[in-house]
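One chain is shown next in structure tokens, namely the form predicted alone.
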Amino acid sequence: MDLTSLVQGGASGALLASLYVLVALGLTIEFSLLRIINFAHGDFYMLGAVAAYYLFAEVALPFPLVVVVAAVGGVILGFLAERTLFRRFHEDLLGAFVLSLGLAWVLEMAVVGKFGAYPKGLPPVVAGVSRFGQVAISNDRIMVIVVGSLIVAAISLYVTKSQVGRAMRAVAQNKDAAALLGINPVFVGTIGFVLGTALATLAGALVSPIFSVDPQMGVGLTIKAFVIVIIGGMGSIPGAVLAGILLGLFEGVGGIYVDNAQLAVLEFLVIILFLILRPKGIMGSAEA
């Protein structure tokens, strides 16, 4: 096994891990607070990437401002979606799942009508390549890894240290007990949903200069995000972070030695085996 190729694959895996953790983290927060399955989560990621394309390529806004606008857009869309659609389906797994499938289809068709069905690409935001010995990494990818890691760290601190974060953890553990302590579970759930969609749109904007932008780009990512949430343990934020890192590194390194089709088969065989041996996930409870 060539060490240089292994490190190069690890660098690619770090990029994927940053993306997977950001998207899966939002999905985990939504599930832990609302007990819903939001299959439209990847489409918010797609909307963030499409918004970044227009704002950067067409409007020529600075890329940091583009990412901020995409995150704010995710907040607004998340609030509207939770308030008008998902609120009546809290703790209704099947109902929320069917609703989110319909929402995903509507969002994709709306983007196809305006954006078109064919993929588009953005020019590099941070030009150049950095070399570490014989390993080369584009500066765009380094930017995503660094910014993504900082965002994950900030969210972890927010959930563990802030008053709202403590309220979110209380609702996730026991909604009725949290209500008796004066916490409004519906309000906290809205914050969690908004935070989840903001993370998704932000992730889409961040990676838009690296991956092609198209209306279907969120479908496969949604499935992988659900896999990460299940492997990490349903509702476990540390589990989602760890599972996202492991999956990203597995794909990055494995992609060097086998083709994409073989990697996909191997990946899901490993996932199936893991769930047979540990169905509650890495850090999940038996109840989840």
Partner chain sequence: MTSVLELDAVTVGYGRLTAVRDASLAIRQGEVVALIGPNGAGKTTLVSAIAGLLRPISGTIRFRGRDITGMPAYRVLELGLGLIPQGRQLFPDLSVADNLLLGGYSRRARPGRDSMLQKMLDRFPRLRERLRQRAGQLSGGEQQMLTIARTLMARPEVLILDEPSLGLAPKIVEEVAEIIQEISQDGTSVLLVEQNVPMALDLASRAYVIEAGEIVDRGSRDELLQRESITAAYLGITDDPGGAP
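Residue numbers count along the first chain shown, from 1. Worth saying up front: this structure is predicted, and the values here are computed from it rather than measured.
Beyond what is shown, the protein has a form predicted in complex with the partner chain; the following relates to that form.
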Worksheet entry | R166, A170 and G182 all contacting the partner chain in the predicted complex, non-hydrogen atom within 4.5 Å | yes
Worksheet item: Among 145 to 153, 183 to 191, 126 to 134, 201 to 209, which stretch has residues whose heavy atoms lie within 4.5 Å of the partner chain in the predicted complex?
Response: 183 to 191
Worksheet item: Taking heavy atoms and a 4.5 Å cut-off, does A177 contact the partner chain in the predicted complex?
Response: yes
Item to complete: Go through 91 to 120 residue by residue and record those having a heavy atom within 4.5 Å of the partner chain in the predicted complex; state none if no residue qualifies.
Response: none
